[in-house]
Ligand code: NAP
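As structure tokens, one chain now follows by itself in the form predicted alone.
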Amino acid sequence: MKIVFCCTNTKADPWLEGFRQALPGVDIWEWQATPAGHAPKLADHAVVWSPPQSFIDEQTQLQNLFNIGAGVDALLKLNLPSSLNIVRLNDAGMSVQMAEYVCHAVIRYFREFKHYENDQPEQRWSYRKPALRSEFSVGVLGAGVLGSKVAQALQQFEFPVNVWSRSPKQLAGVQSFTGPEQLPAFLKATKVLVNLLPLTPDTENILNHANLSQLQAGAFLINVARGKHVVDQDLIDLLDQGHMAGATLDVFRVEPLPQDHAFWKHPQIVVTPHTSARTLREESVAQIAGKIKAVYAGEFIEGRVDKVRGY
């Protein structure tokens, strides 16, 4: 068994050591571009994050790409052989982190903690009238592993929770909307919109003026999926016009977010540096190693990506 590691902006040594412990005897190495005139060392499987096309072109014997994150949009942009499988992480500790992040953002808005934060420098002792939880519906776009966990976590605070997904989903206590024909009804029922969709040609720019303007007045957006879901200027316009009350954004079209971007200084936007759910190395190594063992045992493995659907 031969495994090559090619993960952009990731320190390889801890990962390599983890895989060597989880898969004793495995030959695993960090990929470096092969100099011209030399034959490349070829692997059976690859552990990747945003690899270059040159890596795919060189590694002609790969059977599986094991992605160390949930999103695979960067891989689907590459020219991949039809026989090459993409396998994503099911969770690896990300769903709990995502639920923490989203619940914090929802509660901060619902309880109007921003106003108390603004009061403190002015030494101002003031109260806010409690909002009605029954009128504070949260809509989760995307009902996969992460979206389902977030929806279930929000239920613990007794918010009305709806989900929208491409295919029907059944979550206890959650109203589900399915397909393009039900998206308008979902948006109109939503006060706080949480985006956890995969990025595909169908979902790029889905958070545009036409869709965001269908949210309830005073709506709030939490985007923890991909920056390209949001049409930036459309969001700013709806905030400035008063239709939307605010946004918490963790992902952006360009990362790091350029210093001159309007999001940084907009008073109704909270910016965080793509940190809502980080890949946890030990959990990820264990999961990928388990899937590799399953491949050799001829067993079914979860997380195989449908390249046509994009997830």
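Don't overthink the numbering: it's just position in the shown sequence, from 1. Nothing here was measured: the structure is a model prediction, and the numbers come from that model.
Although it is not shown, the form predicted together with this ligand is what the next lines describe.
Annotation: in the predicted complex, residues 145, 196 and 250 each come within 4.5 Å of this ligand through at least one heavy atom. This chain lacks the partner; the member of 233, 126, 167, 170 within 4.5 angstroms of this ligand in the predicted complex by a non-hydrogen atom is 167. Among the residues 70, 56, 28, 65, the one placing a heavy atom within 4.5 Å of this ligand in the predicted complex is 70.
Put simply, residue 311 is close to this ligand in the predicted complex: some heavy atom of it is within 4.5 Å.
This ligand in the predicted complex comes within 4.5 Å of a heavy atom belonging to residue 203. Not displayed here, this ligand is kept clear of residue 174 by more than 4.5 Å at the level of heavy atoms in the predicted complex. Contact annotation: residue 277 falls within 4.5 Å of this ligand in the predicted complex, judged by heavy atom distances. Residues within 4.5 angstroms of this ligand in the predicted complex, judged by any non-hydrogen atom, belong to 86-94 and to none of the other stretches in 86-94, 108-116, 234-242, 154-162. Contacts between stretch 207-241 and this ligand, counted in the predicted complex as any heavy atom lying within 4.5 Å, involve 224, 225, 226, listed in sequence order.
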